[in-house]
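Single chain ahead, by itself, as structure tokens, in the form predicted alone.
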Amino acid sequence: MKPSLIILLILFSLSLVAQDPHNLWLQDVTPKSVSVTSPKNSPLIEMAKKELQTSWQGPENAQIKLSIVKNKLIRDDGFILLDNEIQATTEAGLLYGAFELLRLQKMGQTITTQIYNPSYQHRILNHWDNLNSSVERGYAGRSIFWKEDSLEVTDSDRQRWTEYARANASIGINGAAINNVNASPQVLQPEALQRVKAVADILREYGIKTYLSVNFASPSVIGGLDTADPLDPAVIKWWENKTKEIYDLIPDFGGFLVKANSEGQPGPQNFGRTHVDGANMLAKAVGKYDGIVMWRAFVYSPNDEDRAKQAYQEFVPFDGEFMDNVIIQVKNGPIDFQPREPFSPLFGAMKKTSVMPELQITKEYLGHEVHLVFLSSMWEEFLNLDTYQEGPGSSVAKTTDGSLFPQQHTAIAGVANTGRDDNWTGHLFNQANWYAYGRLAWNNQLSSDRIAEEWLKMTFRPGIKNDSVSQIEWDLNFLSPVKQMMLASHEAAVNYMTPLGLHHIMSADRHYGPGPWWGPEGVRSDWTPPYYHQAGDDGVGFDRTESGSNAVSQYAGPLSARFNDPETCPEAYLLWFHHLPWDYRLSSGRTLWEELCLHYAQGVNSARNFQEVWDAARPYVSAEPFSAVQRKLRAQAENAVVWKDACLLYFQQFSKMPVPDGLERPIHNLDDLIRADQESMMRRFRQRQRQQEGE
């Protein structure tokens, strides 16, 4: 390298201010002078003042007023931005208004008079954290709420919770369920509740309510009763007393999240009762304190019925029977957080019951903490899908945000991806998914393009000194290409994992790599990939048409007909709804086999391209975060090839067709991939055995 070039690189590196991944999208900035006043004072208003004073990027010596007003146009914790004033009807609204004003400044946008109302009243993170500090489907270290061997609260705990709360408030999140939906009854013991209180005391400072996931069998497990029957007077009394105990400690406690009669978790059906019986019993207990119950609809039994149909079958008959403070929490798709699914038919079908979407921020099926997959694109697609339940234009968003149905409560949940890793989320770009969830929970009509641009500017631009790199240069060489990489990343992952409607073909080992072959004897069929892909000499795909499982009938008329016909079914869902021969011709003129091969190849090429995009971004990113992302992208590209080879070699056994000319040939052997998958599962099985023996 020429000495002159070395000198230029050194000088350029000196112009970078180290980006701190721990600070998320709230990177430190040098504030300008601002005076912030308010006729009313409170902890939340003082927090809004503090944020404006420490991050102000507007005109020097500006004067901003924070005002609580009466205005029917402002809903819930919404706010109005004026030239020199933030107006809201709640104190939390002023805090959200402060963060929005600062966001607009960092985006370089002119402030115009506008009302900002949230799409959902309750914007909640679900943490799948266990009391032993492990995190189910967590890929960023141990729990930030629970410790391995102690319930003691330390200053370090409080600092971490404060940073977490501030990040959530900055994107409008106002609730957190801090323990796993596979809940331990021990979370309701007095000692554990003291720690919950300590968390709630911190979150409250940022307008965030604390929720708990509860085990339905708690009255019998820790309460000394011989039943948990929701209609038993002693059980009802136990829950009333426990609820009072919680609210005495935490007056603004949000309520309960419940996973019942699902994957072995106890519920009202254990006692011959219904979801209505169980949910309403708990709703009465928390309703005295304005609390809510979020009752998950993730239910399926080991029977011959198509798993995709079971939630609809169990819940739609009870529409209108749930209490007003019960919200049915529904995963975005009818199976389980797959890379791409059609929306769950429960959205729009329950017109008399509050229904809330459940999204998964942690990437259980999308590459964990390794792959760069910007989930906003998937969620935007989901929220805008038309259910046709009230005619054209009845989007999923409108069926859940109160636009179409008179819901007492509107809510949305996201399964969190946070842990004790210094960067919180295991992968720097996973922070963008936390950010995107909060922004869409506040405004379900935001575009992924807008959200990606916000996150990039707030996360990376503060690392460039104002006088070192022009905005135009930064936009052209960093913002535009990296944003396009983010926006392309979800489709890329679908292509190299589960194209054309394939689903749930992941390895049984952690749901990480491919495993279309896995289906040992004695295991429930609906836990195995062959149940979903149905590959054979006659073709591939799950027949959910009228002549198959008839899952199409659970969708409104126009959609049912569209999904039922392979000629009109969107190709993105083709193998979700249809079992088709390998030589079936798609709209491209290519056979199904050729199209599968092409999609897998496109996914691999996209993953490789991400490496090139990021390498070109080196001058604009601090050394440590740049290298960390570079290593992840390298692994992602390698994984994409494994996915392609494993799936095509496996399916080729049935199609008996060659990989089309011009496409890269597999570099792995199928037997080797299967053997490696089995060995990995055995290692993890032995590891779990050792852990259990140690316990």
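Numbering starts at 1 and runs along the sequence shown. These numbers come from a predicted model, not from an experiment.
Note that the form predicted in complex with a small molecule isn't included here; everything after this is about it.
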{"item": "Contact residue in the predicted bound form, from H579, H511, H409, R160 (heavy atom within 4.5 Å of the small molecule)", "value": "H511"}
{"item": "Partner-contacting position among K309, K398, R195, R137 - heavy atom within 4.5 Å of the small molecule in the predicted bound form", "value": "R137"}
{"item": "Contact check for V181, E263 and K331 against the small molecule in the predicted bound form, heavy atom at 4.5 Å", "value": "yes"}
{"item": "Candidate stretches 169 to 177, 292 to 300, 610 to 618, 585 to 593 - the one whose heavy atoms come within 4.5 Å of the small molecule in the predicted bound form", "value": "292 to 300"}
{"item": "Touches the small molecule in the predicted bound form: K259 (any heavy atom, 4.5 Å)", "value": "yes"}
{"item": "Exercise: E364 in contact with the small molecule in the predicted bound form, heavy atom 4.5 Å", "value": "yes"}
{"item": "Touches the small molecule in the predicted bound form: F542 (any heavy atom, 4.5 Å)", "value": "no"}
{"item": "W128: touches the small molecule in the predicted bound form, heavy atom cutoff 4.5 angstroms", "value": "yes"}
